[in-house]
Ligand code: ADP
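Single chain ahead, written as structure tokens, the form predicted alone.
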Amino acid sequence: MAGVTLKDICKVYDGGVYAVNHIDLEIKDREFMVLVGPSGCGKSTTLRMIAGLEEISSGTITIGSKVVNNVPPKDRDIAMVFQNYALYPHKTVYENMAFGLRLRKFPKADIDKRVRSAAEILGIENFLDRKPKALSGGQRQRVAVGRAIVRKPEVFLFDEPLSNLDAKMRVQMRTEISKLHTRLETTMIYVTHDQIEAMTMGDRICVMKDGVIQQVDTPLNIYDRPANTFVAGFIGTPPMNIFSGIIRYIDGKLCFNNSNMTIQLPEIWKPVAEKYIEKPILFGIRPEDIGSERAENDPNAQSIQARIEVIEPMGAETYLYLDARTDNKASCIARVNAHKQVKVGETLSLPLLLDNAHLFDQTTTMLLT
């Protein structure tokens, strides 16, 4: 197996438009790395450059110990799984999985062994004589993954492979791919716009925006310590609440303040917050830290007043869309226990659990540390 290193990679289109803008990324051997971000952020372009399907404008791509800038895709020892499966409709499942090996003139017995082994791993051994039109979307995606497995490549590349599946099948297939990574112990690079897929599947996540890497870290670290407000808003469902205001002393206490709320800041924040006295600042807090049972039981919790505009029951929990009268807009989402008795139009005093709250620079949007 092999790691993948991207050094100062750029992709520039006609007119000087940067699809990927000077990114550096090291993917470790046997790591499951997820590239995530909104449409047009450059994640698929990055994957295609690793595969050799897209020419790089500048920089260096290394797979294992080999620089592959000028190496054709077929010689990079990678296998790619596409969004649309890319199966031959006139060939059976067996023939689709065996096709690449036959092109490389593998012995017939070796091909048969690899195809049947991959089919068993993926639970499609009973479908080998069927053609793609006789399969469900999930089964077709398994065939596409199987076609990659039989090659035993150094690196697997996945380009939004679950986006054409229904919600239930997506959950099932992402579990299957994670189990596959554990079983094969190989390097996998996975592109998605779905942050839930990123959080549940990746050893590490690379968050991208406008062709630039925003943050690379483990899912938990990205959730708990987002590098900037974009990451804070993109990772997490519902996204982090962001309030604008000013840091100032009120009655001798260091507070975050705007025209609608005053929140006394924890003492541990003082060294950072004091640098921003009377300066614009952004205060971020996750929905589960507003009005939760933990917040209600925390003696250090601060409270805000907010009116309920929309209630979304989600089963085990409920989302409350609140008007905190901040910036003259409905600006706050709370994630509370499903059995909390509330109604639309009701004004609540909601405690804030500040353990995981954050301050961001309003100009740069970067996390203050």
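All residue numbers are counted from 1 along the displayed sequence. Bear in mind the structure is a predicted one, so any value in this text is a computation, not a measurement.
Just so it is clear, the following notes concern the form predicted in complex with adenosine-5'-diphosphate, a form of the same protein that is not shown.
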| remark: Residue within 4.5 Å of adenosine-5'-diphosphate in the predicted bound form by heavy atom, from 39, 341, 70, 65, is 39
| message | When the contact criterion is heavy atoms within 4.5 Å, does residue 331 count as touching adenosine-5'-diphosphate in the predicted bound form? | response | no
| Is residue 19 close to adenosine-5'-diphosphate in the predicted bound form, meaning a heavy atom pair under 4.5 Å apart or at it? | yes
| query | Could you tell me if residue 302 has a non-hydrogen atom within 4.5 Å of adenosine-5'-diphosphate in the predicted bound form? | reply | no
| task | Report whether the minimum heavy atom distance between residue 318 and adenosine-5'-diphosphate in the predicted bound form is within 4.5 Å. | result | no
| note | Of 333-341, 44-52, 307-315, 24-32, the segment with heavy atoms within 4.5 Å of adenosine-5'-diphosphate in the predicted bound form is residues 44-52
